[in-house]
Structure formats: C-alpha cells, structure tokens
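Below, in structure tokens: the form predicted alone, a single chain.
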C-alpha cells in the first residue's frame, strides 16, 4: 500500500488525487478471494457455474445452493464475495421483482431489475458511514423484450451485459479462456461444457468433483414458460465424466 493511499482510504466518499475510491477497490479485492463463478449466454438459455469452497472437511455440506439464487421465475444469479452482504441484496431484488409484478401484472424486465439493485449498491459508495457491499453478481434471465440476458455487477454499482463472464478468484484467467473459446452460436449443452472446462482449469483444487461446484440454467420450455433449474450432484457427476473433466469412478470387482 502506498503512503498516499493511506490518507484517502478511510472513507468511501473521498477521492484520491488519482481519482480512485480505495474502499471500493478493496471491496473488489475481497471478491477476488471468493470461489469462482462463470456465466455463459447461449441461444437456448443462460448457464451459471460456481465453485463451492470447502474450507474444512468437518463442515456439514449445505443441502441448499450457496452460489446460485433464484430471484424470480425468470431471473437467477450467481454470487462471489461476502455471503451475508449478498443475502441482503438478493432479498432486496426479490422484493423489487414482486412489487413490479404486483403493480404491472407481468415479470420485471431483467435489466430494470439489475439497474435498481445497482442503484442501491452505488448509494453505499457515496454516503459517509457506509461501506460498499463486498459482493459481485452474475444475473441470468429472460424477458419478452430482449430474450436471454447475462449481466455482471460489482461493488461500485457498475453493471454491463456480457456474452460470457467470470467473477471471483482467478477471474482474469477464466475471462481470457472464455474470450478464446466462446462462439456466438453456442448451444446450451456446449455452454455447460465450456463453463465446466474453464472452471476445472482455473479453480484452486486439483480435481473438479460434483461436491465442489454448482450448476444452474435459465431456459424456456416448449410451452413458453421460463425455467430455472439447478443440476443435482448425480447429474453433475455424469456431466463431468461425459465432457472428460473427470474420470469415471472404477467399478468394484
């Protein structure tokens, strides 16, 4: 840390002479220590994959998802960062989505929902006595105006639409791999394969197993209904073997 930064990093509301907000940058550093999450947009849906960091083998594994969250029937998100911060924002997003549905009798447009949440995040970088939310999101959703969409947001309140994006640990390496291998006409199955391949090469663990990751998809059924689906551990194990990410377990003789 430079001598100059120490004088300007005690408040979120103070710009340094170089025009930087150090507290916001530190929040982004906190996200860099979290498990990787990857989102890929395909023509048939959006795929989200997240790395679950198992801190101790004594820890009881959660039966519910810890990286993927459903916000509304047509929107879901993947999280990287401080989970307690994420829970507050996810609850805000869920309430916002339900209020819109109640008022207008239709699902809230995906970008409008993302923007309303990012407005809240931005407020926490502008007023004294507050700290930024230490969490980044990948939002996956579908609406009648723009179809399938993938958005990424960070603690500053900035957000953007992406075809493929990565947040959390080793996100730069993951992003460069996605940039190299992503195709515009990618199918949902190919997107799942690419996401698992990138995660297996960028995560800190030596081998990728079903208990170390979560995979969720947002797609539209033939009936026109938007479906959010989280893959089960058994389904994940089969996918990992199918795509050659891990070896099939040897059968007992």
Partner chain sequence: MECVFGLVGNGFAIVAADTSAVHSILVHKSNEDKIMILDSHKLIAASGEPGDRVQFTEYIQKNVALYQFRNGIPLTTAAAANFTRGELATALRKNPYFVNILLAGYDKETGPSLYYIDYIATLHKVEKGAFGYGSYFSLSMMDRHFHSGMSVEEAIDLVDKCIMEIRSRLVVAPPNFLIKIVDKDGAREYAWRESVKNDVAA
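No experiment lies behind these values; they were computed from the predicted model shown. Residue numbers count along the first chain shown, from 1.
Here the subject shifts to the form predicted in complex with the partner chain, a form of this protein not shown in this document.
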Quiz item: Want to guess which of 170 to 178, 86 to 94, 130 to 138, 99 to 107 is within 4.5 Å of the partner chain in the predicted complex, heavy atoms only?
Solution: 99 to 107
Quiz item: residue 126: heavy atom within 4.5 Å of the partner chain in the predicted complex?
Solution: no
Quiz item: Within a 4.5 Å heavy atom cut-off, is residue 183 in contact with the partner chain in the predicted complex?
Solution: no
Quiz item: With a 4.5 Å heavy atom cut-off, would you call residue 156 a contact of the partner chain in the predicted complex?
Solution: no
Practice problem: Consider residue 115 of the chain shown here, and say whether it contacts the partner chain in the predicted complex, taking contact as heavy atoms within 4.5 Å. | Solution: yes
Practice problem: Could you list the residues in 141 to 158 that come within 4.5 Å of the partner chain in the predicted complex, counting only heavy atoms and keeping sequence order? | Solution: 144, 145, 146
